[in-house]
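Below, in structure tokens: the form predicted on its own, a single chain.
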Amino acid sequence: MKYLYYPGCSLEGTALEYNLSTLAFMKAAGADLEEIDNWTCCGASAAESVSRLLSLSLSARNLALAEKMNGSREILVPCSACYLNLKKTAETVRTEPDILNKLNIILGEDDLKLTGFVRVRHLLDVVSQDIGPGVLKNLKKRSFAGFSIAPYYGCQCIRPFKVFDDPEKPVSMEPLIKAADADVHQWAMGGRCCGASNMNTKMDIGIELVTAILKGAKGADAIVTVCPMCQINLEAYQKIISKRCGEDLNITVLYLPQFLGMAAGLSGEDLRLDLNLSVTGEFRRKLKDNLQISW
């Protein structure tokens, strides 16, 4: 398995542990990731509010850089926002030839050209479809028996493009969690919005949305997610929300490759669990007692 790799800006900053755990887990799973040379920001959510063409051109540049590289015609993207932007651009150039022509005029200033043959894929798509529970069971060196894990997908990896999961009832993480011998926490919050950047602009709305998710996760040992924005929203406001609600809603929040990496025998140091904001003392003790993992 060989993929071009687009980490995106968050994975070099606030979500460094997502980047490093993705690289470590995918290597353990036998995948070869080649980072796109000279990649740049996809535009995040800000560029489109300024100009649709600007937003598309930022992602188009990364797609054109990927096309210049030899090897895989598939780009693996861990960040859900980056995935959505790159995927949207790939779909736009496929369906709107006039836009492709405009983008290539812009890209020509950098001696680049986009044809649209590279396929954009989210990390969860690759792990659930290409690796799958069968390979994960063979990789397993530690059992998460006795753990309950709440799979949290967020919005952007499953909407609006219905590629590998049902946006209203996502289930693609469930076989992966079960392959590690953990129980899947039964809840209806897996595909609900965490508020995204509203946490910065309309905090009361963001807090309300995250509160519902944290309450829905009560009884689970951890939430597992695949989005840096979701991760920071679910991690960073637990103390504030617990105080507002008058109940303890603190819970461990992990990235999917951190969880699967532990099952595959990787260490807490390999997966940079030290960078997570919300690994509870109870979860640490359970990892140490049951799986001999400490950091």
Partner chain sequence: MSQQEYAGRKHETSDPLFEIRKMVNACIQCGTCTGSCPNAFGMDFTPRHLWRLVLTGQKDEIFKSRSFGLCSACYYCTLRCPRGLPLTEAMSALKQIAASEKADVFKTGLCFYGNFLESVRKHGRVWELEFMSMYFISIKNPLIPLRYTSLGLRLFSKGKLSVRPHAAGRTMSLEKLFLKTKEVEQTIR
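Not measured: the values here are computed from a predicted model. Positions refer to the first chain, counted from 1.
Unshown form predicted together with the partner chain; subsequent notes refer to it.
- Although the partner is absent here, E235 is a contact residue: one of its heavy atoms lies within 4.5 angstroms of the partner chain in the predicted bound form.
- Within this chain, T280 is remote from the site of the partner chain in the predicted bound form, having no heavy atom within 4.5 Å.
- With a 4.5 Å cutoff on heavy atoms, S10 counts as touching the partner chain in the predicted bound form.
- Though the partner is left out of this view, N138 does not reach within 4.5 Å of the partner chain in the predicted bound form, counting heavy atoms only.
- Just one listed stretch, out of 177-185, 81-89, 68-76, 116-124, contacts the partner chain in the predicted bound form at the 4.5 Å heavy atom level, and that stretch is 81-89.
- At a distance of at most 4.5 angstroms from the partner chain in the predicted bound form, all three residues G43, S57 and N198 contribute at least one non-hydrogen atom.
- Contacts between stretch 156-188 and the partner chain, counted in the predicted bound form as any heavy atom lying within 4.5 Å, involve Q156, R159, P160, P167, E168, listed in sequence order.
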